[in-house]
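Let's start with one chain on its own, the form predicted on its own, as structure tokens.
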């Protein structure tokens, strides 16, 4: 054995508390894609650990987790799905917390198309409205609640272009396949301002609060990177990033 290798082994033995950098597999609700990417970059710089992000709908992730998908942490778009996973033994008891409360927005890629009171829905001068599958995506369910509260569901529903998740709902609008639609405020925010187009931020009393919970999944128990990621989300640096995308903490 060379003197160099011996020296490395001696150094390792002298630092038993040294934690090796690790990777955490994170299932992330599609609405949280943009802030999650920024958080992951800062997380790696600040901790040495790497967050591998997989984006999708909360309902689809639930099915995948139940079928053994290799996720360590779940960042859902609701609070009920992580709670259900905890009750069923797929998430660590006591690990859940609300990392963000989302806001729903009616958005169009066209400037001036959506007014700041959502009256465009009543006028009905559009062919298609994009909405995420309400059975799988909490933001889609919130959109249905909103239309019900406005007594517009029956009139608008025939014009739905239903997406698998909120990311696809955004794409339908951005590409012009739907003139407008319901998405997460975070998807259309940049530097705390509307990035493009026009929007109506749906009043919070039009639907149930969109509390988004994080949970440590069974596969992530005892994994330093998973624990570090969840702790990082609670920090002031991470919370500032989350708030900049229009979420409430």
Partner chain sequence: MISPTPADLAAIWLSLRLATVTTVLLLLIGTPIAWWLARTRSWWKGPLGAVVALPLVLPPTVLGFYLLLLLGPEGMVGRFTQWAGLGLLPFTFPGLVVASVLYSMPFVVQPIQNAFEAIGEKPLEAAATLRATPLDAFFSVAVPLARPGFITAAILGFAHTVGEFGVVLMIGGNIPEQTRVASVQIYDHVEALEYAQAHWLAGGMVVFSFLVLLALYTLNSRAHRR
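In this text, all values refer to a predicted model and were calculated from it rather than measured experimentally. Positions refer to the first chain, counted from 1.
Keep in mind that the form predicted together with its partner chain is not shown, yet the notes after this line are about it.
Engineer: Consider residue 83 of the chain shown here, and say whether it contacts its partner chain in the predicted bound form, taking contact as heavy atoms within 4.5 Å.
Structural biologist: Although its partner chain is absent here, residue 83 would stay clear of it in the predicted bound form, with no heavy atoms inside 4.5 Å.
Engineer: So in the predicted bound form, is its partner chain close enough to residue 90 to count as touching (4.5 Å, heavy atoms)?
Structural biologist: Taking the distances in the predicted bound form, the answer for residue 90 is no, it never comes within 4.5 Å of its partner chain.
Engineer: Quick one: is residue 55 in contact with its partner chain in the predicted bound form, heavy atoms, 4.5 Å cut-off?
Structural biologist: No, residue 55 stays farther than 4.5 Å from its partner chain in the predicted bound form.
Engineer: Although the partner isn't part of this model, could you tell me whether residue 208 comes within 4.5 Å of its partner chain in the predicted bound form, counting any heavy atom of the residue?
Structural biologist: Although its partner chain is absent here, residue 208 would stay clear of it in the predicted bound form, with no heavy atoms inside 4.5 Å.
Engineer: Just to confirm the contact call: exactly one of 120-128, 92-100, 68-76, 142-150 touches its partner chain in the predicted bound form at a 4.5 Å heavy atom cutoff, so which is it?
Structural biologist: Stretch 120-128 is the one.
Engineer: Flag this candidate site as yes only if 32, 35 and 212 all have a heavy atom within 4.5 Å of its partner chain in the predicted bound form; otherwise mark no.
Structural biologist: Judged in the predicted bound form, none of 32, 35 and 212 sits within 4.5 Å of its partner chain.
Engineer: Within 4.5 Å of its partner chain in the predicted bound form, counting any non-hydrogen atom, which residues from 163-183 show up?
Structural biologist: Counting only heavy atoms within 4.5 Å of its partner chain in the predicted bound form, the contacting residues of 163-183 are 164, 168, 171, 172, 175, 176, 177, 178.
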